[in-house]
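Have a look below at one chain only, the form predicted on its own, in structure tokens format.
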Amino acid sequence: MSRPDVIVVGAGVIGLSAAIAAQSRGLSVTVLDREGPAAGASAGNAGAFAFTDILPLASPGLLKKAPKWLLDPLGPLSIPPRYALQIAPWMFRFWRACAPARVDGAIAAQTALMDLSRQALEPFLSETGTLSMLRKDGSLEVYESEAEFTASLPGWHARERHGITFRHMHAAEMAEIQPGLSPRFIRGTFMPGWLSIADPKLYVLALADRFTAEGGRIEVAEVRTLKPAADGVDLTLAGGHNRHVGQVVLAAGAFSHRIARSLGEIIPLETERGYNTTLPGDAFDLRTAVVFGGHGFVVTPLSTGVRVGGAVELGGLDLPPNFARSEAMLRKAKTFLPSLKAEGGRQWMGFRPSLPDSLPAIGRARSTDRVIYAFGHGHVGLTQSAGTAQIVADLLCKARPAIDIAPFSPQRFR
């Protein structure tokens, strides 16, 4: 077996997209993953290309809501008590990232990556034979009071400044777009530009098939360490096996920081543990994604069912799942969509890799320019996958990326 030009660590949507982009530049690529394609957060996300989500989780608005949310162990934002001490340094960085000047910088950087990703998306889907999986059904965010709606307006003004299209509306207009909402929702905002994929797991598996059909290799192997070498990078795998390659892309999602530590880099990556329940397709006549922002979750239509999920549990990689969170969201969804059939669902929990300022880490390792990081996209990994893949391919080929990647520097937290 000949040695590839590049090893990509991670077979989620970021890793496989980057592998395909590198392959399209003429590089031979092998992908290594501890479980195989679409086994992590790429399998169970909401399926949205949320290009309008330019506002960072770290923001003054969240700081106002956080105390109330944190008091509810099943609420939109929670930290398990036994994890509170461990996450304290990350929370301090998160608090610092909420400063208005930093938020403005994060919005500008996020917008640039969102714009690039949107421009790259449909050509990438066409290239990989997955364009038929793209949906253009929009998204409706709903509010229970005028006060809640008014509180959302600064965020919409920020989106408007960056050219994002939306329309505010009252209940009657909302009902035309999505019948069956509870009358408790009196205001809403519709985003016609919101795109989604038919099913995120099937999409990533399709990318894996495309990659291997073009000569790429995918191997189930757990990478433990990376070490710079004179002409490349040495990889140590679980079981004591070793590999050597010219360049490495580290896109292992929530596990990436553990591998980066072997290169001497401490990157403050945490885990937004996401929960959802996927109901049968006839559970509700869902015509668009419905975002319940005040409750931290979304209901999305997929080709494989109706998915109810979201919220943020900052609980790391090792605590057992708390599926009471999925059940709490499902109960709320039943209240908010009274005709929803809430039986027969499949529960899921996945790790969404998150950095304190809500921006990913994209760039070269400090100790070697032969390792490129591409992780930490939080809940917008699918959204930013095509743009990130283009940047990674540029870096592998020593080309200048289309956007300034300095805000995404993996070393920005030093």
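So that there is no doubt, residue numbering starts at 1 and follows the sequence shown. Not measured: the values here are computed from a predicted model.
Below, we turn to the form predicted in complex with a small molecule, even though it does not appear here.
- Residue A41 is the only one of A41, I362, V29, A386 with a heavy atom lying within 4.5 Å of the small molecule in the predicted bound form.
- Screening F292, F190, F255, F284 for any heavy atom within 4.5 Å of the small molecule in the predicted bound form leaves a single hit, F255.
- Contact here is defined as any heavy atom lying within 4.5 Å of the small molecule in the predicted bound form, and by that definition each of E222, A251 and G274 is a contact residue.
- Looking at D33, you'd find a heavy atom of it within 4.5 angstroms of the small molecule in the predicted bound form.
- With a 4.5 Å cutoff on heavy atoms, P56 does not count as touching the small molecule in the predicted bound form; it lies far away.
- With a 4.5 Å cutoff on heavy atoms, A19 does not count as touching the small molecule in the predicted bound form; it lies far away.
- Looking at V371, you'd find every heavy atom of it more than 4.5 angstroms from the small molecule in the predicted bound form.
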